[in-house]
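Before any questions on how it binds or moves, here is one chain, the form predicted alone, in structure tokens.
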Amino acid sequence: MKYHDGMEGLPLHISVPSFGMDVFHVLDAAGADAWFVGGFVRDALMGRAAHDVDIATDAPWQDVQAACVAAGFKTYETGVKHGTLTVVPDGTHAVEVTTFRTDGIYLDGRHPESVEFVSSLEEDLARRDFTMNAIAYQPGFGIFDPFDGAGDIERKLIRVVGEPEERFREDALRILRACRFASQLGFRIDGDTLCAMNTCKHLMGSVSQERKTHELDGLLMGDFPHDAIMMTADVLSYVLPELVAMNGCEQQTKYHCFDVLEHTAWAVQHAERDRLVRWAALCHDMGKPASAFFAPDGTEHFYGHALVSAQLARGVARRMLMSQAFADDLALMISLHSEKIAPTLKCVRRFLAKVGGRPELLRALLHLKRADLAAHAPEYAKGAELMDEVEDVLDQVLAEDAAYSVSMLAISGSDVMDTGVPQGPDVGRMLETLLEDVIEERLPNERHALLARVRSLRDA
């Protein structure tokens, strides 16, 4: 192991997975100066489960490859232009090994035009985004932390390495990464860093939509989305302009104690950790600012906001490049989120029909309604028990195999046409009418009764 003259380290021990240590030992035996870096070190210091193991070294990637191949490891030239070689020591786990480097000019606001390989670990760490990600660990030496990243972790602080605006002008995606980290880690953002995020947020226009959506997914799926959304709402508004109208839109009703934005942030916080439910929680009240009006008694109302919110959610989904199926489910859930669901067999079957006969989508809707209720004023936030009752009835409906979709009727579209109804939209409308009659228990789900009803509709 190399002697690091003049470098001061913290004598901390980090538990490194065996596959990571295997790669380290091979590099060390080859005379390379190797360090564990990045998110792995950050998460290990926080006591979080660490998955991706990254190593930085003074050795060129060709030397890394030669040493690892000699040890029987598989290697992949995934990013050798920038000095990165992926090493798979055990056939399962991948370790990215990157040569110490500094980055050249960022002309596209995302990627350096060139890199310069260097021999200094500190120079390599200086190019990284946040201090908590600019910490290195080497067994036998401990922690090398030239930018006090460990101190920022202890302070629960997200702070840029170096000059904030310069860092964000290099790579504007770092702005959303800071928002995501705030949600995932529960950290606050340093004042200068947050100021620079707002100053530079327009640069996110050069970032691919796929990257932005990925970061927003990570934010919404974090442990602390409420705090992150409220802290970074001005920044997020550049990619989610719908937030602007929500911020400061007071809800002057007895049911609420927050404005629309903070109610939304709490709904996301309370929502089940499911991508569809969390996005639905974010979008469910986006239509309130457009729908708001005051009655003569001074009470504020938001009639029709669910449908407006569903339309806005479709726009968000399209902009975020979400699948059409995801967008359809998102809009449908939001359009139904303010409708009352009673814990009765009829009502649950009715709602199953509304969600296309998909029990999993109805459960997602119930999760959304729980989160929405939990974000109301305290005296009106106690509806979760009712949703539990509804879910119990849903289980009962599923166990009984009662009809709640057209496909579960005792007759099909072909049977309807066999009675003389021509092929076309009338067939579908008749089946929907039959399903409604069955759900409302006006008609048994029996072939003879259903065909008789078809004939009466045909002849009406």
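All of these numbers come straight from a predicted model, not from anything done at the bench. Heads up: residue numbers just count along the shown sequence, starting at 1.
Another form, the form predicted together with a small molecule, is not on view; read the next lines as being about it.
K.L.:
Look up in the predicted complex whether N133 has a non-hydrogen atom within 4.5 angstroms of the small molecule, and give yes or no.
P.N.:
Answer yes; at least one heavy atom of N133 falls within 4.5 Å of the small molecule in the predicted complex.
K.L.:
I'd like to check something about D129: if you look in the predicted complex, is any of its heavy atoms closer than or equal to 4.5 Å to a heavy atom of the small molecule?
P.N.:
Result yes; D129 sits at the interface with the small molecule in the predicted complex.
K.L.:
Would you please decide whether G413 lies within 4.5 angstroms of the small molecule in the predicted complex, comparing each non-hydrogen atom pair?
P.N.:
Answer no; every heavy atom of G413 is more than 4.5 Å from the small molecule in the predicted complex.
K.L.:
Is the gap between R363 and the small molecule in the predicted complex 4.5 Å or less for some heavy atom pair?
P.N.:
No, no contact at 4.5 Å.
K.L.:
Taking 4.5 angstroms as the heavy atom distance cut-off, pick the stretch from 167-175, 85-93, 305-313, 199-207 that is near the small molecule in the predicted complex.
P.N.:
Of the options, only 167-175 has residues within 4.5 Å of the partner.
K.L.:
Between the options D395, D63, D54, D426, which residue brings a heavy atom to within 4.5 Å of the small molecule in the predicted complex?
P.N.:
None of the other options qualify; the answer is D54.
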